[in-house]
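Below sits a lone chain in structure tokens, taken as the form predicted on its own.
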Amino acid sequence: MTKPVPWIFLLALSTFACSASTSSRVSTINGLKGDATAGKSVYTSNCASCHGSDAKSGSARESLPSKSASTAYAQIIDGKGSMPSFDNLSDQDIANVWAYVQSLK
């Protein structure tokens, strides 16, 4: 008879799988060239309501342009705190959004 696998082990395993997947996506996105013009419409549709039109003054109260690209990509993919995951965005959309945010510096 085999022993049942503890649920906490399965939870830890799924968390590791997600972070490995996120890490892989972040590496892929880091290799893409973002288009700020294309990123503006994605940002306006998905981000501006919380981060403000300038990416610095919304209700999220976090200055996005000061983040590192890799940190921003991981947070877009996985979410953070009250920010939901936007893992439905394509890698190119995420690179474009980041190019737009950087253009606001």
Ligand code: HEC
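Each residue number is its position in the shown sequence, starting from 1. Since the model is a prediction, treat every value here as computed from it, not as a measurement.
Just so you know, the form predicted together with heme C exists too; it's not on screen, but the next bit is about it.
#### Entry: Residue contact check: K67 to heme C in the predicted bound form, 4.5 Å heavy atom
Yes.
### Query
With the partner left out of view, is S82 within 4.5 angstroms of heme C in the predicted bound form by any non-hydrogen atom?
Taking the distances in the predicted bound form, the answer for S82 is yes, it comes within 4.5 Å of heme C.
### Query
Is A36 one of the residues lying within 4.5 Å of heme C in the predicted bound form, judged by heavy atom distances?
A36: no contact with heme C in the predicted bound form.
### Message
How about Q75 - does it come within 4.5 Å of heme C in the predicted bound form, if we only consider non-hydrogen atoms?
### Response
Contact check for Q75: yes, within 4.5 Å of heme C in the predicted bound form.
### Query
Looking in the predicted bound form, is heme C within 4.5 Å of a heavy atom from each of C50, A60 and L89?
Answer is yes for this spot.
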